[in-house]
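Only one chain is given next, in structure tokens, and it is the form predicted alone.
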């Protein structure tokens, strides 16, 4: 049995919040989680819950199983702390044997889709799992070929605001070449931002594209759709998809299409438009080509709940953002607090390179070679908007 000392230490930290005795009770997190329910072993590796807090009372609860954000507590317009992500109350609910969701997960080696699960690098063809319409999605996510969202990361929490998760991905892992060491560092900023930094190295040429797959519902009520939230995307172009969600290779203008979010509008305004792209994706499930050109200081997107005033700003050095509007949520998944999630009860804003980039050399490269370091950054910053005057 493999035992990671850092993870075991994290498990003890979670347990230390509880008082001993036969009628042991546990101090809950601000979001209401019981840390003991995240202490387990999955395929020989130890899981735990790690709690980050900043001086403003913002809290992020993260498990090293899949590097997943479980809860994210931010203040609304009235100062009420609100959990703005979907997730589960226990670690077992995250296991693929129970739920096949990507809620809150760190995705790798390759976020999004690779056409037919094949790519060529340096004259050699590699075959990956075909787990989504014949394509490889999120590095292979089914039971037989677990993507990173179903693996246990090594964990180290150096302080109250920082968590470092590390994963060793061996050569041939789901068909990807090279021994890779990858990490994701979560940090809560004083400005109420959740900062996510990715790094990876390899000993052989390979590809890499990491992202976070949090499902956001800024109302704090995962039983409600997000279609009335207001979305803005700093992008003049997007990459169209076919009926299997695969990009064609075209970079198309958003002008005159439902994909135009350059002026803020509600998510639901055009989500049922009579449009081929909307039909293909059953809503929005597309990559937008950001106009920010890798500038972390330029806002890539904003999302606002006009009822409680919570506003999320997205910053990234990645060239794209995949926007997914929970089109395939159908009320069959029960999340935290026994809440079931109907269609479009969350939105994902996944900063990343474009889908199928390994097969489209004209797009920004996702190749990583020995001696190089892959890095990627995403920040979700939370503010509030004033209530509109009557």
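Note that this is a predicted model, so its numbers are computed, not measured. Residue numbers count along the first chain shown, from 1.
The next section is about a form of this same protein that is not shown, the form predicted together with a small molecule.
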Taking 34, 89 and 336 as a possible spot, do all three reach the small molecule in the predicted bound form with a heavy atom inside 4.5 Å? no
Ok, 357, 46, 345, 322: which has a heavy atom sitting within 4.5 Å of the small molecule in the predicted bound form? 322
Note: exactly one of 102, 83, 318, 304 sits with a heavy atom within 4.5 Å of the small molecule in the predicted bound form, namely 102
Can you work out whether residue 165 and the small molecule are in contact in the predicted bound form, taking contact to mean some heavy atom pair no more than 4.5 Å apart? no
Taking the small molecule as it sits in the predicted bound form, is residue 215 near enough to touch it, meaning that at least one heavy atom pair lies within 4.5 angstroms? yes
Residue 199 versus the small molecule, in the predicted bound form: is there a non-hydrogen atom within 4.5 Å? no
Can residue 270 be called a contact residue for the small molecule in the predicted bound form at 4.5 Å between heavy atoms? no
Please determine, with the chain shown alone, which of 55-63, 37-45, 359-367, 322-330 has non-hydrogen atoms within 4.5 Å of the small molecule in the predicted bound form. 322-330
